[in-house]
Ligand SMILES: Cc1cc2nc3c(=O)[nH]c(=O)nc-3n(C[C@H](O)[C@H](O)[C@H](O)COP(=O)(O)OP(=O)(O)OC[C@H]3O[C@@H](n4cnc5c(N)ncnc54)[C@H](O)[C@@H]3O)c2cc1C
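The data below hold one chain only, encoded as structure tokens and taken in the form predicted on its own.
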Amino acid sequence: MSKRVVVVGGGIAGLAAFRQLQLQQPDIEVVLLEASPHLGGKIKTTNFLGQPIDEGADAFITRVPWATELCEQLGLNSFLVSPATSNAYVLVDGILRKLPKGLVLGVPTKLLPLLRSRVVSPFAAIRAGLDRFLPDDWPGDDESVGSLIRRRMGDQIAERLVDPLVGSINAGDTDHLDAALAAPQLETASRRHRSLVTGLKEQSKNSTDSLSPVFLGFELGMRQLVDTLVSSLREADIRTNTLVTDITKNPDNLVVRTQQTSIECDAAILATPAHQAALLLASCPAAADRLSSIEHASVAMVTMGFRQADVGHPLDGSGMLIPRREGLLTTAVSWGSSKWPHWANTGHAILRVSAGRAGDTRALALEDDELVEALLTEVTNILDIDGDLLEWRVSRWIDAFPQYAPGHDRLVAAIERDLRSEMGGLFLAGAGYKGIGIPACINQGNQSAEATLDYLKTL
């Protein structure tokens, strides 16, 4: 008899796992259960001002291969587009200043552009330059991104450059994010060299893809990746609007219970956020407790449309970052119509305004109208906008950003040990565990499928 595998969660990790199982073992019965009416999870594209605009991620990073490989396998390469600009701004004491050239995840590798930018004080720029001469002061254990940057380059670099950039990617506080997981490029450079800057420069020198686009997306939005992936699945048993309530282990198999039925299976892949996984694994309290300890942050994104002629700022970049110290509700603004020129083909300026991050839940307390009004006041003041808001859309991503505290990798290893002991045949995939972002989730989906197939060989 053929084996049965249940995939719980229809985000990109779950879909990648489903596809990999089908490709590697066509005779396996695979069932995918998704609680919502839609597949794709945090990948969501809807119409705004008459064209498809992403509500979540609008691109994926190319420095790791897993998303680009999937696009190639799905025949999507010809549809990929790269951002038109990589310049960006940061708000410093209420004034927008261009980010200096030579930044790597917010770390300045060139002193003169940093001095000229006036993003940090001259003293802070000189302090950052001391990284080249300071002795190796690694504390010898896991550390946060903030700790790494503060000890090598000083507080202003941490607070005005690295935290706004790395923190916005993770909706987190870099003083509490594991450096090896949230910014592995920085952590690797700092371990291989006494000087962080020297390590980053050597990485750049050895890089073979420095001329390739760092990010890629689709003119029709990231939804094109999800739709094409789903279309590639043959005779797929995919059930939306199906809420899983519990997963238990019998002597011979696993039982996945939904509100409608129970499904016995030989193995399962749980591709849900960690806090949801914890609720489903009440029969494995050790793993459930550890899963529930992974903290998450929430973000609200307000997409705003204006007439291009009403915007005083030239929007000559991809967007702006707002450091915590500015005290604003806004955390970042993507200048979508500059980043993706096809968004501006109707003479509109389209902005994607973010609010909310770890430690800042003010946006959650506001109704949609209140949130839009508050962010509109801040954004129009900064960008000198004098005109009506033509259209707006609020997208709320509740508990969508896992926070990788120092030691997160050991926590995940302990969870996996618990599952092997108590729930053999159950595997995890998704942003809560071994990397955030579309490529990392695709990779985890693939890896969970491989682990599942290895497990099935033992039965």
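The numbering used is simple: start at 1 and walk along the sequence shown. All values derive from a computational prediction rather than experimental measurement.
FYI, the form predicted in complex with the ligand isn't displayed, but the following is about it.
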Contact flag, residue 214 vs the ligand in the predicted complex, heavy atom cut 4.5 Å: no
Contact flag, residue 323 vs the ligand in the predicted complex, heavy atom cut 4.5 Å: no
Contact of residue 273 with the ligand in the predicted complex (heavy atom, 4.5 Å): yes
4.5 Å heavy atom contact, residue 56 to the ligand in the predicted complex: yes
Heavy atom within 4.5 Å of the ligand in the predicted complex - residue from 43, 415, 426, 30: 43
Listed residue that, although the ligand is not shown, lies within 4.5 Å of it in the predicted complex (heavy atoms), from 92, 301, 103, 288: 301
Full three-residue contact with the ligand in the predicted complex, heavy atom 4.5 Å, for 12, 34 and 243: yes
One stretch from 184-192, 74-82, 274-282, 127-135 that, in the predicted complex, holds residues within 4.5 Å of the ligand by heavy atom: 274-282
Sequence-ordered list of residues in 435-454 near the ligand in the predicted complex, where near means a heavy atom within 4.5 Å: 436, 437, 438, 439, 441
